[in-house]
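Shown below, as structure tokens, is a lone chain in the form predicted alone; questions about how it binds or moves come after it.
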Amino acid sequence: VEGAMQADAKIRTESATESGPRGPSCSLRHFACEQNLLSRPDGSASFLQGDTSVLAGVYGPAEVKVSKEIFNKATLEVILRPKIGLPGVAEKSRERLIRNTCEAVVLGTLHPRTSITVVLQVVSDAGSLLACCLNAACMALVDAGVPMRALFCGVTCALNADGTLVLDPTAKQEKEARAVLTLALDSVERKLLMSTTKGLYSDAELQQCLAAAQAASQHVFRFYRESLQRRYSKS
């Protein structure tokens, strides 16, 4: 808890309408989000973190193919499309991670024998892409009205050679980092839903990253609330 409080004190995030210098290493880039952009999906959202941008669309609950039907819950699929070219191994790996995170919070038992499909289109990748995909998927699920037990968000942490921690790193910072960790957390108890790591780090550094990510998630969830309040206050 103390580590989370210290990390929280260090973290500074800009609002969706204002952007500024990143300041200390433990800061988040500015966020921006727009929902209900697309007409065909049941829900859609565009999420921007710094210069990283992802567009998400959610289809369902809808009719499912018999071969994919699950008798007691909805079948959840995630499709990730790169900016250019066809999906490769990296995209398939991210699809699995995003699907596992969504399955942990979506109340699929309320819609058995149906299909919920999340389609993600990478618009620009300037670092922390998986975290941005998770955030876009969550806001699109909310826009589609899919029942969930909690919201979720993604936070990426990078550890430099000297041990310093960088939250929401850019592509350049990820490349220079000794280790990169992406964590998915829920909004109710800040529990860890999913983690994927690359590089070398100690147990203590893992706990440090988790504490920092939990503190950063408060800012992300606050942004979710403000974004939804702005949208529904207009309507």
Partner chain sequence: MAAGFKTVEPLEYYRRFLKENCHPDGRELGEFRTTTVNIGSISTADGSALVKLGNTTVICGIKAEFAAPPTDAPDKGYVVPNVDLPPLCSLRFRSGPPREEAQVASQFIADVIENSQIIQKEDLCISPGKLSWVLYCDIICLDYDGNILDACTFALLAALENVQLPEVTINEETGLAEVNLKKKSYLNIRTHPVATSFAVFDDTLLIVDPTGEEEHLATGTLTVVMDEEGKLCCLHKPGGSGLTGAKLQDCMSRAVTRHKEVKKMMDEVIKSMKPK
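The structure displayed is predicted, hence computed values, not measured ones. Numbering follows the first chain given and starts at 1.
One more form of this protein should be noted, the form predicted in complex with its partner chain, which is absent from this view; the next part is about it.
- Proximity of Ser93 to its partner chain in the model of the complex falls within the 4.5 Å heavy atom cutoff.
- Under a 4.5 angstroms non-hydrogen atom cutoff, its partner chain in the model of the complex has Leu193 among its neighbouring residues.
- Using a 4.5 Å cutoff between non-hydrogen atoms, Thr197 counts as a contact of its partner chain in the model of the complex.
- In the model of the complex, at least one heavy atom of Gly88 sits within 4.5 Å of its partner chain.
- With its partner chain left out of view, the stretch that reaches within 4.5 Å of it through heavy atoms in the model of the complex is, among 202-210, 162-170, 56-64, 43-51, 202-210.
- A single residue from the set Val123, Val142, Ala150, Ala104 has any heavy atom within 4.5 angstroms of its partner chain in the model of the complex; that residue is Ala104.
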